[in-house]
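First comes one chain, alone, set out as structure tokens in the form predicted on its own.
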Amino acid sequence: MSDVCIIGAGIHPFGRTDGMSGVDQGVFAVREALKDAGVEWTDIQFAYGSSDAAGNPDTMVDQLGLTGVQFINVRNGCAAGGSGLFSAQMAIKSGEYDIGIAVGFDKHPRGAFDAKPSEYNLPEWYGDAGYMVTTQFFAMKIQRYMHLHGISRETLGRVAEKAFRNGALTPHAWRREPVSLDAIMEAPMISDPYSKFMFCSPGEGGVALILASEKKARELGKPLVRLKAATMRTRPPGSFEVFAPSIDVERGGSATNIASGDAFEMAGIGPQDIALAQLQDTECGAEIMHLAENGFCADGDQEEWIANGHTEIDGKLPVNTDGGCLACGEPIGASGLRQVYENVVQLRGEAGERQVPGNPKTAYSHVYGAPGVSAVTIMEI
């Protein structure tokens, strides 16, 4: 079976854009992707759109054109964008379509995410008691991980320092100024061990990716950025998840373990073959834990990895080269697609100051969302 290719990529800068709705930002990204691919909206045979808080993506057709196109909305927590991309590539792999689009956008109000217990099959008292506050969950999870595997708080700070340094080199990032390690470590504590610089912020932005069969991509004369694997998986028994009211005594794996393992098997390569990776980093500890969950290192090895600069742009595995969620913020519907957008730009050698050296040929992206879903993609040029 021939590969699905990404032939166009567009982005609306992340952050805060007053006077522009989330849908508007999604439309902007679609038009940029169409321009990049050299095709028209009338050429698009189907669309998958993801948004959590900014309206139904299918309403974009009012601005893009009433062509009757099949347009399906996707809502899957922080993994919504990755889930939309997974669905889009399946539509082409099935042979039903030749060209389609995955688009995601969001426009979140200021402040922390305010999840509703009923949306996660939980009773109202669970939210009244404060258990829906994700900053607390993330903090408790990394405390446990640090205790088990010898991760220091300074390592958390170094992850944030790298994120803001990379974000300063990235036109689509929200946070465009470096922040010193001292400032990160000494900033007000939000949920121990995390200071305010160690969390991402809900934000705004839009991303669109145009996918095509290999045959269609060749007809259009586009560079073949191949999607070698795309997986989306839910949690197994014994996993430790957001909004879980309890955890099993017998520990299990995670949705990320399953999605990552299946993606590597599908692509026919291993973690050692990946040139750069975008990993979910809603907070510093997530990037650290996800390095191991995705198979790039053993639990506890992150301390040495980060101290030695292995995840820097010029390291052995550059991670979150555009600053990730920490520097870009997290508009839920767009966030997973931003990772893939960044990988497309890197594989094409068009990332400017943040370009990974050595002409990278493979790229990896991973998203994780509540209440325990994960999506992974592996790309190759």
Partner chain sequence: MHPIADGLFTTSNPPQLIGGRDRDSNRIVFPCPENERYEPVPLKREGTLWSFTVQRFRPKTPPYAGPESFQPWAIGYVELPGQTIVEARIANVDFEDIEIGMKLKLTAVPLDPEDNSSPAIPAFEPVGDQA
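Positions refer to the first chain, counted from 1. Keep in mind that what you see is a predicted model, and the values were worked out from it rather than measured.
One more form of this protein, predicted together with the partner chain, exists but is not displayed; see below.
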Non-hydrogen atom within 4.5 angstroms of the partner chain in the predicted complex for each of Pro117, Pro123 and His147: yes
Non-hydrogen atom contact Arg218 with the partner chain in the predicted complex at 4.5 angstroms: no
Any non-hydrogen atom of Tyr97 within 4.5 angstroms of the partner chain in the predicted complex: no
Non-hydrogen atom contact Ala298 with the partner chain in the predicted complex at 4.5 angstroms: no
Contact of Gly127 with the partner chain in the predicted complex (heavy atom, 4.5 Å): yes
Among the candidates Ile258, Ala292, Leu169, Ala244, the residue which, in the predicted complex, approaches the partner chain to within 4.5 Å (heavy atoms): Ala244
Sole residue of Asp248, Glu304, Glu186, Glu177 within 4.5 Å of the partner chain in the predicted complex, by heavy atom: Asp248
Stretch in contact, per heavy atom within 4.5 angstroms of the partner chain in the predicted complex, of 204-212, 99-107, 248-256, 67-75: 248-256
In the predicted complex, residues of 185-211 near the partner chain [heavy atom within 4.5 Å]: Met189, Ile190, Ser191, Asp192
